[in-house]
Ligand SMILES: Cc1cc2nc3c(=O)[nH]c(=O)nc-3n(C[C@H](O)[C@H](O)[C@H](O)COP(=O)(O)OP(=O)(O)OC[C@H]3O[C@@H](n4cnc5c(N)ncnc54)[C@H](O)[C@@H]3O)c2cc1C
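Starting off, we have a lone chain in the form predicted alone, written out as structure tokens.
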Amino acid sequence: MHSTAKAHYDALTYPRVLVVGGGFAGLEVVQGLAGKPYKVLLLDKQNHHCFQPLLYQVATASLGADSIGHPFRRTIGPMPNVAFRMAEVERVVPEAKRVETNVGDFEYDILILALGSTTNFFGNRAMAEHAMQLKSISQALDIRSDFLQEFERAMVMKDEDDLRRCLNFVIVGAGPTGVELSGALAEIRRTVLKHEYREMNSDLMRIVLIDSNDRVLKNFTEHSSALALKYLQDLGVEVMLGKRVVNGDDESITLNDGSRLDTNTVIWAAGVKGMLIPGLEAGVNERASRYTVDRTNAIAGFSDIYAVGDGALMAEGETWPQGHPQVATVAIQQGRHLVKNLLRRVEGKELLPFTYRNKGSMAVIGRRRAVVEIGDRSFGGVIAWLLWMFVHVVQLVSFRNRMMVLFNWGWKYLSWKNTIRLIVRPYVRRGANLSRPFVAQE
């Protein structure tokens, strides 16, 4: 049945839709166009969709990588009009309606860019070179190996300064990612480090959260920010507000007030920017590093090219004059809306403008601690924590992912342990001492 349906689609001259990027927005477009009068090709440099909101749990050994990743081919397998190529896009040639990649060129009738975002270092070259990032599964596994290796190194350290540097963990950026990561590391100190590294004083582990703003979770209400700060402080996280990291290397960082903090591990979670592709410079807002789009997600100055999700800068009246936030809910809604417009386009109907429905914000700060904002209401505690878990499980791509996440969370809750503590990158030896491990580039 499937091969017959595919042959049927191949024989028809449907418009070719090329979707670049299989994140939240791209996957919504692909799934929405399944079985519809289009031939769809998905391009992505990875072979899997990554559920980024739970990346920090992979990084802190609560979940395995396969719990939040889902192969594209398993998703599109039943879709007769959809194909996938693992490729990295190098350039768009809009006048020829062609996309150039590292595996060849692909032509399109409609191009949809769902590229997502990348880490924004705000021009800080030192941190771009030395800090760790959390935007992909491979980076999450790198962070997991890093803190576990630092624990093992600390066990054999004789010099107190070296010991403290191993156990000083710095997170830059107190948005949801930084707050959630800090809380998870604090719980590791209270459970894993205390009970499984008994020869070492767990109180020596220091978790420092740095942000240039005057409060954590700056985009939340002041009530939620204050509650999140209290949760972090209860867990023993040192929060430094109104501070910026201006320089650093593999052994220390320097703040804007001239103070220095010795550390082997810096995780940068201070901001993101849209990913861009050469060839479409005329449609780029340089300040925001995003494509300027109209209310139908069409990129300004180009025909038949759309941008959705983190890479799209859409001014929406007085509500979102500077564009929408770069979060998953925006990407999902824009992807779904674009599908509706593409189906209207086939029918010769006018395209409808996009309107974002803000469903709220949430962040979790450790066990039974979270903050949630829905409309004008903001609350925290156990109810917020349970709601956070429910929302994230429901949003996972497959039933298998949901079951794996629920099982791991249940086991962690009952055992008080982060279960997946495997070091998956090698050490590099210098003489007789274990040094910083080699980190493969993305």
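Because the structure is predicted, anything quoted here is derived from the model rather than measured. The first residue of the shown sequence is 1; numbering continues from there.
Form predicted together with this ligand: not shown, discussed below.
Among 347-355, 323-331, 182-190, 124-132, which stretch sits within 4.5 Å of this ligand in the model of the complex, heavy atoms only?
-> Of the options given, it is 323-331.
If you check in the model of the complex, do Phe24, Lys45 and Gly116 all have a non-hydrogen atom within 4.5 Å of this ligand?
-> Yes, the whole candidate spot contacts this ligand.
Could you check which residue among Leu55, Val29, Val40, Ala61 gets a heavy atom within 4.5 Å of this ligand in the model of the complex?
-> Of Leu55, Val29, Val40, Ala61, the residue with a heavy atom within 4.5 Å of this ligand in the model of the complex is Leu55.
Contacting member of Ile137, Met275, Val208, Val339, with respect to this ligand in the model of the complex [4.5 Å, heavy atom] = Of the listed residues, the single hit is Met275.
Any of the heavy atoms of Val89 lying within 4.5 Å of this ligand in the model of the complex?
-> Close contact exists here: in the model of the complex, Val89 approaches this ligand to within 4.5 Å, heavy atoms only.
Can you check whether Val308 is within 4.5 Å of this ligand in the model of the complex, heavy atom basis?
-> Result yes; Val308 sits at the interface with this ligand in the model of the complex.
Applying a 4.5 Å heavy atom distance criterion, does Ser224 contact this ligand in the model of the complex?
-> Ser224: no, not in contact with this ligand in the model of the complex.
Within a 4.5 Å heavy atom cut-off, is Lys417 in contact with this ligand in the model of the complex?
-> Contact with this ligand, no.
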